[in-house]
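The form predicted alone is given below as one chain in C-alpha cells.
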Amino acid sequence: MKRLIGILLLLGVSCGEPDTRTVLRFLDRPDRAGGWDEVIAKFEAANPNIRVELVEGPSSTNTREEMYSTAFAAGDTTYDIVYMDVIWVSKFAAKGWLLPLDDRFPAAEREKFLPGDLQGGIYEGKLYRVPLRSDAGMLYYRKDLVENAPETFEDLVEAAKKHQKPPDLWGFVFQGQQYEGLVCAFLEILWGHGGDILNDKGEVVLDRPEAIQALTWMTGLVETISPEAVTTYQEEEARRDFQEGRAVFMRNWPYCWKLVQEADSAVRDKVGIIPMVHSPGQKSAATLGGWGFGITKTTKHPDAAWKFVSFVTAAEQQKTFHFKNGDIPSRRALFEDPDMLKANPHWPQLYKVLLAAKPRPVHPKYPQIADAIQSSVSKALIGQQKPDEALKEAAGKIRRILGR
C-alpha cells in the first residue's frame, strides 16, 4: 500500500492533503525480505519532513546499472541517492554523476569501516560511496576431510588430490564460466601469485610472468582436481556441488555459508572458511564485492540525502539488514557484536577474509577491461589458447581500451 501511494504521488494523483515532505528516491531490486521497509520506516519516523522511496527494479544487477546510467545520461532527476555495486563507482564518478563525499565523511568515521570497502568507493582520490554491505570471495573447505587448512596453491592441490574421488567427489569447484564471476575467481589467483591487471602507474601488467603462472595454475585444475564442467559453473553450480558433498574445496561468496549449514545440507557442520591461498612469499587476497550509497550531483536535496546515507549505513541498520536479508556488514565493530557472533560463529574467520579484500580495477572502462579478461581466461580454461597467448591477447585489448 505504501508503494502504491508513492506511485500515485509520482503520477500527480492526490490522496487527501498534499505531501509537502522532501522526497528522496533510489533504485534497488525488490525488497522481498522486508529490510528496506523496516529501515525506511525508522528513518521517516525520526525525520518526519523526509520521505524515502525505494524504486523497485529488476533483480539483474546489470539491468539496474543500465537504468541508473540511462537516467543520469538523460539528465533525469528521479534519483537523489544511488545504491551501487562497487564496480559502478568509477564509471559514475568519471561521468560526473556523483557528488564527492569527502567533506561529509571525516577520517575518524571512515576508520570504522572495512578498508577494502572504503577503497572501492574512491575514484581519483575522492570518495563517492559509503559502504553498506560487504562481500568478498573466499575458500570453503571440508574440515571433516582436510585436517590442516591449506596456505599455498600447492597445499590446495595436494589436499584436493588426497581426498577427491572423482566423479563423485572432486577436489575443487569454482566459477569457470565466461562472465564476471570468472574475473573475480581469476583475480584472487592472480593476486595470490603476486600479479595484477594494472600497476600503480596504470600500466597493463597482465602479460607478465606472475600472471602467466597464475593462469597456468588455474587451467591445470580442469580435469585434474576440478570437473570439466567447471568451465560452465557460476556461483550456484559450485555451491550445489559443495553443499551436496561432491567437492572438497569451493571458491565462492559469503552468502553460501547459511545455505551449506541448512538442515538438509550434506556438509552441515563440516565446513571451514579461509582466504584464497597464495604462492610462497605472497599474500592472500579476496575479490571485493559489496554495495553502498552515493549522492547524485543533480539532487536538489543533498543535505537530506546525506542524512539518509548516514542513517542507513549506521551499525544499527546494518544489523537489521543482516538479520532480515543476510547481508554482511561493512562496519568493523559488528564483527565483534555479541548478537552477530551468536548468530554467526564463523565470523572471526570471515573477518580475516574481508580484511584481505581488494577492489577490481577502479576505472571507468572497467566493463570493457572485464570483457577482455573474461574472454581470454575462458579460452585458456577450455583449451582453445595457451595461458601466455591468452594473456597476451587480453593485455593487448586492455592497452587499446586504455589508449596505450
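Note that residue numbering begins at 1 and tracks the sequence as displayed. Owing to the predicted nature of the structure, the values given are computational and were not obtained by experimental measurement. Whichever C-alpha set is largest while still superposing within 1.5 Å between the two forms counts as the rigid core.
The next section is about a form of this same protein that is not shown, the form predicted in complex with alpha-D-glucopyranose (GLC).
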Review point. Which one of Ile87, Leu127, Val204, Ala211 is close to alpha-D-glucopyranose (GLC) in the model of the complex, taking close to mean a heavy atom within 4.5 Å?
Key: Ile87
Point to revise | Contact residue in the model of the complex, from Gly290, Gly120, Pro275, Pro329 (heavy atom within 4.5 Å of alpha-D-glucopyranose (GLC)) | key: Gly290
Check your understanding: Taking the partner as it appears in the model of the complex, which of 308-316, 192-200, 267-275, 175-183 has residues with heavy atoms within 4.5 Å of alpha-D-glucopyranose (GLC)?
Key -> 175-183
Check your understanding: Does any heavy atom of Trp253 come within 4.5 Å of a heavy atom of alpha-D-glucopyranose (GLC) in the model of the complex?
Key -> yes
Exercise for review: Indicate whether alpha-D-glucopyranose (GLC) has at least one heavy atom within 4.5 Å of a heavy atom of Arg360 in the model of the complex.
Suggested key: yes
Exercise for review: Answer for Glu235 alone: is it within 4.5 Å of alpha-D-glucopyranose (GLC) in the model of the complex, judged on heavy atom distances?
Suggested key: yes
Check your understanding: Is Ser375 close enough to alpha-D-glucopyranose (GLC) in the model of the complex to count, meaning some heavy atom within 4.5 Å?
Key -> no
Check your understanding: Taking alpha-D-glucopyranose (GLC) in the model of the complex, which residues of 122-141 have any heavy atom within 4.5 Å of it?
Key -> Arg133, Asp135
Exercise for review: Align both forms on the core first, then report whether Asp117 has a C-alpha shift of 2 Å or more between this form and the one not shown.
Suggested key: yes
Review point. Does superposing the core leave Arg64 with a CA shift of 2 Å or more between this form and the one not shown?
Key: yes
